[in-house]
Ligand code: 0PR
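Only one chain comes next, encoded as structure tokens, the form predicted alone.
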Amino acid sequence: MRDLGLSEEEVMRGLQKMRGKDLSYDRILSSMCTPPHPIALKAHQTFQETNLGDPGLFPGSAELEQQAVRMMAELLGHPNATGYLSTGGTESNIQAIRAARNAHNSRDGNIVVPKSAHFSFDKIGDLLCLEIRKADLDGDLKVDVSSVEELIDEKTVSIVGIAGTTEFGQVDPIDRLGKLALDSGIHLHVDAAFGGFVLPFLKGSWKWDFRAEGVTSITIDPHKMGMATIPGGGLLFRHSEDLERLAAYAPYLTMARPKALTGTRSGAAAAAIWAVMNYLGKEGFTKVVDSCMDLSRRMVSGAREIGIEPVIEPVMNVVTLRMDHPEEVRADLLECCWRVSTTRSPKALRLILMPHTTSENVDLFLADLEDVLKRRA
């Protein structure tokens, strides 16, 4: 640290220099995050000094959190669900499995997750001292329920289903997993970090949320397709006793039994989430999701015109294109200033069509992709 501070002008000049090194979202096709909605930024700034970790000092912020959780509970098919706003999917997944472990009073148990599960579950195994068993996927890249069933034993505390896999945007058969969980007397956690603000606004009759019997907890991330500020996640439980299993004892706080994993928590995130959900409503979110799905179909159609097929037809706004040596293609596209990613198995180029994406950029990307493939032929 300096002995003497800089002027405000010098500080801001240094910040702007560093901000200039960050990438602009307009040519990013690899991220499940997007610029926050303008109303989220305004709300965040208004509440930026508030702390949900001591809610008695900030009752207005605490009420915003409660209302945001209630809106998400309604969205996920169970208005009476309870929960809290987290820092994102990793924290929510940790806490959901921690609640399941505590419900079973187990310290040497296991959980069964799909091979498509987010890497946070590997962290969970390490942090909670649980064995992570990974179930096979079927031909559509959904978890194979029979494989899950084979991996369950008397030490299994929870199984996990994904509603919007990170790599392919696929949705596991949550209703079948729910029946399996009920028959086995264990928890079922649904990781809908990405899908939670997409699937409710798509046409379809599938059961992937609390409408599926046996689902005990759901992760949902407003800072992804919810367009809230980062970090902003959510964790909801069907039964209030599971939330209580996360309580610690802190008599010096205005809430003596806090449930969140972190101590200090941003009230600004709650304000941003509340603001976007109320500002857009179901109609507004449906328009956002429809636009992203239109762009996804445009990407697939354009890719087919240059001879590239998707690994699966997009379920959500995640497009994966099957090709030889996708890592090398990604490197070539980087030279064209496109940020894309690749999948593990099957190998493919992975593209996320987020609200910041435009039809013009989809067409520009496809033109550059065609040029790259021609040069490599």
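Quick note: we count residues from 1 along the sequence shown, nothing fancier. Fair warning: this is a prediction, and the values are worked out from it, not measured in the lab.
Beyond what is shown, the protein has a form predicted in complex with the named molecule; the following relates to that form.
- Message: D172 versus the named molecule, in the predicted bound form: is there a non-hydrogen atom within 4.5 Å?
- Response: Because no heavy atom of D172 falls inside 4.5 Å of the named molecule in the predicted bound form, the answer is no.
- Query: Hey, in the predicted bound form, does S120 get a heavy atom within 4.5 angstroms of the named molecule?
  - Reply: Residue-level check for S120: yes, a contact with the named molecule.
- Item | Touches the named molecule in the predicted bound form: S184 (any heavy atom, 4.5 Å) | Output for S184 is no: heavy atoms all beyond 4.5 Å of the named molecule.
- Item | Exercise: G226 in contact with the named molecule in the predicted bound form, heavy atom 4.5 Å | Answer no; every heavy atom of G226 is more than 4.5 Å from the named molecule in the predicted bound form.
- Item | Residues H37, G234 and V276 all lining the named molecule in the predicted bound form, heavy atom within 4.5 Å | No residue of the spot touches the named molecule in the predicted bound form.
- Taking the named molecule in the predicted bound form as the reference, which of M32, V340, I312, A62 has a non-hydrogen atom within 4.5 Å? Selected option: M32.
- If you check G89, P114, G178, G267 against the named molecule in the predicted bound form, which one has a heavy atom within 4.5 Å? Only one option qualifies, and that one is G89.
- Query: Which one of these stretches, 216 to 224, 99 to 107, 302 to 310, 258 to 266, sits within 4.5 Å of the named molecule in the predicted bound form when only heavy atoms are counted?
  - Reply: The contacting stretch here is 216 to 224.
- Message: Heavy atom within 4.5 Å of the named molecule in the predicted bound form: which residues of 179 to 200 meet that condition, in order?
- Response: Residues within 4.5 Å: D191, A193.
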